[in-house]
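In the form predicted alone, a lone chain appears below as structure tokens.
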């Protein structure tokens, strides 16, 4: 039995969905622990690509239960569309369970999200956060303010009406909200349709662990977008960290066996916020074009740059990473040299190699220090077939040296490598051995 967390180790869009789907082949439960329809996990199946927004990746595999957990904010109308789309394609193969404790993201939260971002932009254009305007922040704010409505309460008309009236009373500044009677009716109807899927999920997971079944916790967004430990205020409104995954699933920390951090061989970011290793010229456009770097949810082009080991070391420490999954190495195939950010020069002349400045403006002023590594060959069809047949030993020697460098720099072993978009284009390098793992928490050297 194992309980493992898979989380983003950069600014999101690291191909977490691909890694979760790969590991879900040996899991009994896959639990999405935070976020809502702002996240999009793309899995490329033989039948074509699938983008999941509010469902856990386990729903794509027979014999696996995908749990949308208590830490999520769920937009029920969009969730129904997602379920219907999968059913029509014949791809809803696992069981779907929705936590009764998950909060409901309402259409009024989407209106409020747009209003808030426009307000920031009017006061100071550079202050706009570039959110997806999916209503995530306002929904989490109402949860924290105890104005929220939970999924299990959609079948309680009196509670539903009372919560909606209170919510509307707190938002007199918002125009064009749907009439409260209309929204109450729609929520009652969708709640009735979703009711067979809604359950108290913590005992289900506790019993699975007691039976020795494998449980996988699926992160959304990434650790550098954590509302407390990320590049605030350019962050999401939840906790996409290992600690957040436990809180958002109801699994106690004593049951955790491992934390897999997912990072690209380069780096991307969507929306506003500091990005020290960003490439704004031709090389950045190359990464965007070859990597297909557009947001799965919004379609927005992603900002592109190089792997940043300062931030990756920070994420490794913050989340207790036990292994890494390095994805999209094929995008850099055929590139002569691969820059890697190993430190920052700050405006005061100091050098930083560890730690994330708590001030986003300070991080934005950091000048990256690069080391350059030799590139590796293109991932042509023959090489891909060799890797499928022979495993990790078929990876190019230049790439293996690059991965060893990342291991040494972070103290975390690389356990998985993704070398293409398809489900089978992931290779396991072997278990993270004691020799390769950093033994516990050592002194921090900022």
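Positions refer to the first chain, counted from 1. Values in this document were obtained by computation on a predicted structure and should not be read as measured data.
FYI, the form predicted together with a small molecule isn't displayed, but the following is about it.
Stretch-level contact analysis of 394-402, 416-424, 66-74, 373-381 against the small molecule in the model of the complex, using heavy atoms and a 4.5 Å limit, identifies 416-424. The contact with the small molecule in the model of the complex, taken as any heavy atom within 4.5 Å, belongs to 327 out of 277, 323, 327, 201. Site annotation in the model of the complex: the residue of 302, 103, 239, 163 reaching within 4.5 Å of the small molecule with a heavy atom is 302. Put simply, residue 409 is far from the small molecule in the model of the complex: not one heavy atom of it is within 4.5 Å. The small molecule in the model of the complex comes within 4.5 Å of a heavy atom belonging to residue 13. Residue 363 falls outside the set of residues with a heavy atom inside 4.5 Å of the small molecule in the model of the complex. Looking at residue 256, you'd find every heavy atom of it more than 4.5 angstroms from the small molecule in the model of the complex.
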